[in-house]
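Only one chain comes next, encoded as structure tokens, the form predicted alone.
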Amino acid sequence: MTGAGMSVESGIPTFRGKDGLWTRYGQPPMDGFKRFRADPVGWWQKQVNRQMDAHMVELRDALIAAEPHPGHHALTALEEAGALNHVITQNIDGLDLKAGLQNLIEIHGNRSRLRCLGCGERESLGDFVPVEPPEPCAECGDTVKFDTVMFGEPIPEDTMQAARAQIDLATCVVAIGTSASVRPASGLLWIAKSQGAKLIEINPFETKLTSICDVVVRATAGEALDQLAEIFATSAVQVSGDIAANE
């Protein structure tokens, strides 16, 4: 499971912490989804005309400019090596997909998609940014919004079920760059631990999760994952060599 600390190395600011958006601008209202539901058209107009809160303008600009860093590419390498079964990310930046990751659950959505609030139908936007509020869903007629989960909005049921299914299968979960404080996503880590999975934390800082982890690595995502991918690559070459020698 990856959190905001995974995206920091790509130039995307966190919300909390010393240089976090909320630290500098103040914490925004926690009823964003309720406000959207009350006036979807007004919300979209603010997005188009850049009349959002200042912290959201900064975040959006950072997301547009961001590119995957070595840690993202390391996850892809680990997946290709068969050492990584699935990634659950709390990030909305889509950088895992840009890096080529295949088995991914974006538990808080993806900024480059639209999602129907009724049937859950999703549509990819790519780099296109709508200049008008989307039409109601062609499938069910309900309201369409960005796929990203807003404050006060439930995690889409299909996404939450998929994430829980992967946690139930896991024998080892690596928590990368997450403060483990955003529910319900962070709760999955405690569920994994309660079901006997080993927990590994990769984070430069102590978190709420640290005390229950089996292994703690005090490093950034890029540093630790790059080394981890290299270890698996070296091991794979050695195993391949041993097999060839035995033949």
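Fair warning: this is a prediction, and the values are worked out from it, not measured in the lab. Don't overthink the numbering: it's just position in the shown sequence, from 1.
There is also a form predicted together with a small molecule; it is not shown, and the following applies to it.
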Checklist entry - Should F15 be counted as a contact of the small molecule in the predicted bound form, where contact means heavy atoms within 4.5 Å? => result yes
Checklist entry - L188: heavy atom within 4.5 Å of the small molecule in the predicted bound form? => result no
Next on the checklist: If we define contact as a non-hydrogen atom of the residue within 4.5 angstroms of the partner, is Q90 a contact of the small molecule in the predicted bound form?
Outcome noted: yes
Checklist entry - Is the gap between H73 and the small molecule in the predicted bound form 4.5 Å or less for some heavy atom pair? => result no
Checklist outcome for this item: The stretch from 37 to 45, 24 to 32, 192 to 200, 218 to 226 that lies within 4.5 Å of the small molecule in the predicted bound form, judged by heavy atoms, is 218 to 226
